[in-house]
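The form predicted alone is given below as one chain in structure tokens.
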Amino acid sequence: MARRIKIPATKYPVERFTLDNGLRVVLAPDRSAPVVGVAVVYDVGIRSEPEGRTGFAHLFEHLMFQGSENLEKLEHFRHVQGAGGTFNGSTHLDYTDYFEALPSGALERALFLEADRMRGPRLTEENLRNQVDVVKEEIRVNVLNRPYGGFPWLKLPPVMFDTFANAHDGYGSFEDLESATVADAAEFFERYYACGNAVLSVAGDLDVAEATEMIKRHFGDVPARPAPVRPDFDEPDLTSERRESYADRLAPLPAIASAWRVPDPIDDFDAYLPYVVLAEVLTDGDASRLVERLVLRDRTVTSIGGYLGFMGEPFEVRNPTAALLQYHLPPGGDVDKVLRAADEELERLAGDGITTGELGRVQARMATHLLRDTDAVLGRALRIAVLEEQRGAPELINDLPRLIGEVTPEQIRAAAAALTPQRRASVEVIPGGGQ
């Protein structure tokens, strides 16, 4: 039997504390380069949107860049870029983040900027209407006027799930976006953008004592508001296969994506991890099971992707979530043949198992990707902020590569055996608008 590959570990120091107003803070000092990454994560995302307000979490992310208590519109941009830094924000299923990467001498500037908008963004009718138009244009570019737009992250959840929270369009409908009011935005901020519902992280060239003093100075007097009660978004697993299709007038070729529910990524992490590895065993590289079978041998698909979570974020998502496989087919491709072949490969893996050598190769590659993702200080700041927000365990950043390496062949077999057609939800893209 081949010897298991030793996975390298990181030893990033992690310091945690909580301010009197409830803001959780995570620091990860690293003096190797004069740069810092700053991230603020709020525990609100697409799943928290109320009915009739689809797209609101993303819209509000835009509003957070339109000025704040002491800053006019566009000043946040100028202050960060003027210091030689970069910035952005993004909306996810279960959280929204805002972040900067700057020279370490500009750390206090970034802290001031984030604290200022945590006190309150400039919620005006002009800003709201302007950003509604910006978001609508983003939808046109990324979904409506793009081949395979929203496939499968917007198209598959309503097939798999029944509840509004899990199934609705996170980009939002134009009708819902246009009906949003300043009062809606103010209520959303008051409820979800509380100190007690946020995590601040700083990684990179910092002195812990100095950074702590700066954080207390800028964030300590932000008014305290408690975190809202987070709903339980869980719903029953599928008991029979679900499958739908839709026409995409811009898509040149057929495609299909399938998803299966997986264990709770927070509360049942040990049972969840094998599915993360299984997705890579199936789809990562020419030697992977499905690429070798469907792309290289059968030539029934032109590309395959496999991942955990509808937004491809295996360690930044809450329950319920799914393992996904997506396929793009050549002209005249047969989606039923593709699904049958994938089922055969899953059955073969569940029955015959996987060698230690094959599994070790996949685990080593996954560990490399994890290490690379957090090598830069901004990637590290974002990862530890979400780990703190969702798990209260930012130190898990050092353990993830090792935990991936500890997944056994027996666990891979069991995970493959669970991906049965009866538990599968699929959505098919019919190209060119044809039926």
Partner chain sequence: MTQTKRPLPALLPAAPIKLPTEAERQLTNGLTVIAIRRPAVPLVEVRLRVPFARANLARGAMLSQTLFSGTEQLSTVDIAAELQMVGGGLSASVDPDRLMISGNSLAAGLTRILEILGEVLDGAAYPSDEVSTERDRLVDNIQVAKSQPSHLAREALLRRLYGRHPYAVQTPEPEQVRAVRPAQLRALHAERVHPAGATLVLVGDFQPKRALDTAEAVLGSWNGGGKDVTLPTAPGPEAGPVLLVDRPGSVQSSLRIALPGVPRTHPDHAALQLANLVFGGYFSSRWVENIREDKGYTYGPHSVVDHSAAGSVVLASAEVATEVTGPALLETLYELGRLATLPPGEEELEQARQYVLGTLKLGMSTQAGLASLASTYAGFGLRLDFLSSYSEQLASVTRDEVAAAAAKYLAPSGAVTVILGDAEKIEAPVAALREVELE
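Because the structure is predicted, anything quoted here is derived from the model rather than measured. Positions refer to the first chain, counted from 1.
This next part talks about the form predicted together with the partner chain, which is not shown.
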property	result
One stretch from 281-289, 157-165, 307-315, 267-275 that, in the model of the complex, holds residues within 4.5 Å of the partner chain by heavy atom	281-289
Contact residue in the model of the complex, chosen from 231, 252, 353, 228 - any heavy atom within 4.5 Å of the partner chain	252
Listed residue (150, 263, 85, 196) with a non-hydrogen atom within 4.5 angstroms of the partner chain in the model of the complex	85
Non-hydrogen atom contact residue 18 with the partner chain in the model of the complex at 4.5 angstroms	no
Contact test in the model of the complex: residue 62 vs the partner chain, heavy atoms, 4.5 Å	yes
Residue contact check: residue 189 to the partner chain in the model of the complex, 4.5 Å heavy atom	no
Contact label in the model of the complex: residue 182 to the partner chain, heavy atom within 4.5 Å	no
In the model of the complex, residues of 123-144 near the partner chain [heavy atom within 4.5 Å]	130, 131, 133, 134, 137, 138, 140, 141, 144
